[in-house]
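Have a look below at one chain only, the form predicted on its own, in structure tokens format.
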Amino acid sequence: MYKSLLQNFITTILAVFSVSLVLFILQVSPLEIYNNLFDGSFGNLDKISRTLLIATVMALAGFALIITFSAGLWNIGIEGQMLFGAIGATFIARTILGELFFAPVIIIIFGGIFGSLLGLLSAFLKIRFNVHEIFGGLGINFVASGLIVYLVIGPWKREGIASTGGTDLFPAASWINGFGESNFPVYPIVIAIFIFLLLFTLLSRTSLGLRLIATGANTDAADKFKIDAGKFIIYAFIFAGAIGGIAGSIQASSIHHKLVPGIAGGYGFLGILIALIAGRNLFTVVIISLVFASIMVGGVQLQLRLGLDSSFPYIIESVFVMAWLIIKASKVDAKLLRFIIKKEGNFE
């Protein structure tokens, strides 16, 4: 585990160096960019709170995808699972349960249930009708997006207004806020830590996790050793859908406080990149989510202070991802790690 963490740290440093080179080519000072990004994302408590909240949603999407990637599945439907989680949160917020003091707990539970149902649908399409999860996931995303638009301008529209601006605000009791008067996202972070520990235990300490990984590594071999691949595909999609649904419910109850079209914010698709970069390493998911959230939140400063185009943060993000993938493919980080180990002696 320590070798994996050190290797990912080396990859991060090399990726940041690659971003710096691109910034030099664009005739922009890397130090100035990094300073403004840091100040924009960690300059005060409000900025830190927003950065950590977005990083939490990204990390949850990444965690969900780690499960399905471990089982050899492309869970493209993660966006739809997040959208369904937001629908579940809104359903509770609009009932009498949304007025109760423990409403946030019910919202998180129902968000997970709604997301897992959509995950189950992906598994059903794959196992029963042999629909590849990529195509099934894309279809599910489309249906979930359309359903939210229908609900927002139809049954759940604001009083006297049929607008895609969203539903009425949730009751204050349904908001997942920070602790006390602070906006610091204590509860979402606690939920993410709990899921992190649960998945770490599941994937590395239980037979269920090992069977999931075995299913993803070689389905034929799994069948030979009497591992029911279909059953574990269902498990993977249900678990992933539940975590995606929880991420969507946090989006609805902690960030927007209502249901709006596109509430997933593209974090599901970004989670696919995060999971690919992380290579099934949960610690790396957290680190990359924090980096991406910092770029997104701090990127506003690049426009205000430096007058750069609004697309500039996405350029930085894209170069970082491409550099990471190239470094991994060329195994430069592994070679550097072996060199360090050789110099320092045995590293365990």
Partner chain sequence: MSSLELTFITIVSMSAPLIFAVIGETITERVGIVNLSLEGTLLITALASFAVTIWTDSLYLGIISAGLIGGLIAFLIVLINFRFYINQIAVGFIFTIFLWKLSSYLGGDFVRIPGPYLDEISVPILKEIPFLGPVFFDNNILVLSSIILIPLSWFFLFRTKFGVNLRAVGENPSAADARGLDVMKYRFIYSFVGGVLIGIGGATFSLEVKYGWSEGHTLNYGWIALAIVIFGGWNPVRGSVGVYGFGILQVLSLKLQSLTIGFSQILPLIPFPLMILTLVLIQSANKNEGRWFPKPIRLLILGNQPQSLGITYKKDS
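From a predicted model like this one, the values you see are computed outputs, not experimental measurements. Positions refer to the first chain, counted from 1.
The protein also exists as the form predicted together with the partner chain; that form is not presented, and the subsequent description refers to it.
Student: Is Ile134 close to the partner chain in the predicted complex, meaning a heavy atom pair under 4.5 Å apart or at it?
Tutor: Yes, Ile134 lies within 4.5 Å of the partner chain in the predicted complex.
Student: I'd like to know whether Ser318 contacts the partner chain in the predicted complex, with contact meaning heavy atoms within 4.5 angstroms.
Tutor: Ser318 belongs to the contact set for the partner chain.
Student: I'd like to know if Gly139 sits close to the partner chain in the predicted complex, meaning any non-hydrogen atom pair within 4.5 angstroms.
Tutor: Yes, contact at 4.5 Å.
Student: Is Ser311 close enough to touch the partner chain in the predicted complex, meaning at least one heavy atom pair within 4.5 Å?
Tutor: Answer yes; at least one heavy atom of Ser311 falls within 4.5 Å of the partner chain in the predicted complex.
Student: In the predicted complex, do Leu26, Ile76 and Leu325 all reach within 4.5 Å of the partner chain through at least one heavy atom apiece?
Tutor: Verified in the predicted complex; spot residues all in contact, yes.
Student: Could you spot which one of Ile176, Leu273, Ala229, Ala123 gets a heavy atom to within 4.5 Å of the partner chain in the predicted complex?
Tutor: None of the other options qualify; the answer is Leu273.
Student: Which one of these stretches, 86-94, 145-153, 110-118, 191-199, sits within 4.5 Å of the partner chain in the predicted complex when only heavy atoms are counted?
Tutor: That would be 145-153.
Student: May I ask you to list the residues of 105-133 that have any heavy atom within 4.5 angstroms of the partner chain in the predicted complex, in sequence order?
Tutor: Going through 105-133 in order - heavy atoms within 4.5 Å of the partner chain in the predicted complex - the hits are Leu125, Arg128, Phe129, Asn130, Val131.
Student: I want to verify one pair: Pro261 and Asp309. Are their C-alpha atoms nearer or more distant in the predicted complex compared with the form I supplied, knowing the change is 3 Å or more?
Tutor: So the answer is closer.
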